[in-house]
Ligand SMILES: NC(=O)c1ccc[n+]([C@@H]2O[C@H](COP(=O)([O-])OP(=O)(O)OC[C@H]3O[C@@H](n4cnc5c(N)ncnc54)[C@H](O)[C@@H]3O)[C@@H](O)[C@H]2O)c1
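Next up: a single chain in structure tokens, the form predicted alone.
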Amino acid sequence: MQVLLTGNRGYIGTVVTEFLSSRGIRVIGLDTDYYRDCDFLDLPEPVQQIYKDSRRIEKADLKGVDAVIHLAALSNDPVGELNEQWTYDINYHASLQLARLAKEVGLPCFLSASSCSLYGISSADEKLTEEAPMAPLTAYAKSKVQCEESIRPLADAKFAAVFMRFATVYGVSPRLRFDLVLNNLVGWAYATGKIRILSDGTPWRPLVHVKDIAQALWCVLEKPPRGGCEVFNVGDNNANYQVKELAACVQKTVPGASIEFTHEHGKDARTFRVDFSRFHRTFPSFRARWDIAKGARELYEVLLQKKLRFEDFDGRRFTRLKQIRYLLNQRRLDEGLFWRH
């Protein structure tokens, strides 16, 4: 099988590339590569690398491909709010255009990365299924809702559209990020000895390790739906946590670290617990192989090995918003977020 993987040089994409390649899947990578100088570990190489913005994908880029895994996006709330139009152009309009091209060339399966953040907020005693109402609070989450709603009508008996609503991701990656909650807490603990919680610690978040996301995508490729539209929450029912629970886990992992509540964000409005039963029923071979204790320990040990300094941890290499701002300030990106070269 040969797969076009957009966003293959990102935080998730690098791990997915390595995982799928190790299982005999030929990965063609497509990425504009905003984070080309942000490596943490050696990057895995696909069988072919296309350096291109997802807004400029053509039919020729889909030649010889059996399926598409679409990860390319502006990846979090702070970047999404830097310029909301960029978020809608990349996360929504470009995704819809790619899905249309995939259908036009006769591809049977289009896998699109979505997010549990589109649920926005729910009561603490409720676990949200895929049928729960969507209540996106940010441009990033709204763009994911628009993406799903616009692509869904394309699905038919010959074209399967699969939306993977990932829980909040954590774990080591060749393109590591510290702007993800568990990674951030471990990074602060390692670099400063303090575990900084910007809220009051009560919000709920579902978490999933980046390698378990790669495994989930592989499960769908191994058993793809035969047409129609499928929506899956991707994570584990035992992995819904309050932020203060994550902090307690990190405190056990990093010797001498203390917890500090800054309350900069007050009581974070985004809070939701998610039900992942549908994916586990549909793909019984999937098992979450990681939990937060194992993931926090893995990350801490790698940071020790790499001897990461505070200025590295706090710099642009590992925070997407800082890197995008740097590229704009250096005039390497234009007003549309395209490379100037």
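These numbers come from a predicted model, not from an experiment. In this text, residue numbers run from 1 along the sequence as written.
Below: the form predicted together with the ligand, not depicted.
Candidate site formed by 40, 211 and 303: none of these residues places a non-hydrogen atom within 4.5 angstroms of the ligand in the predicted bound form.
For the options 101, 221, 162, 180, the residue carrying a heavy atom within 4.5 angstroms of the ligand in the predicted bound form is 180.
Among the residues 290, 286, 313, 35, the one placing a heavy atom within 4.5 Å of the ligand in the predicted bound form is 35.
With the partner omitted here, the stretch from 189 to 197, 240 to 248, 109 to 117, 254 to 262 that lies within 4.5 Å of the ligand by heavy atoms in the predicted bound form is 109 to 117.
Contact check for residue 138: every heavy atom lies farther than 4.5 Å from the ligand in the predicted bound form.
Put simply, residue 166 is close to the ligand in the predicted bound form: some heavy atom of it is within 4.5 Å. Although the partner is absent here, residue 147 is not a contact residue: none of its heavy atoms lies within 4.5 angstroms of the ligand in the predicted bound form. Taking the partner from the other structure, the ligand in the predicted bound form has a heavy atom within 4.5 Å of a heavy atom of residue 53. Residues 7, 9, 10, 11, 12, 13 are the members of 1 to 18 with a non-hydrogen atom no more than 4.5 angstroms from the ligand in the predicted bound form.
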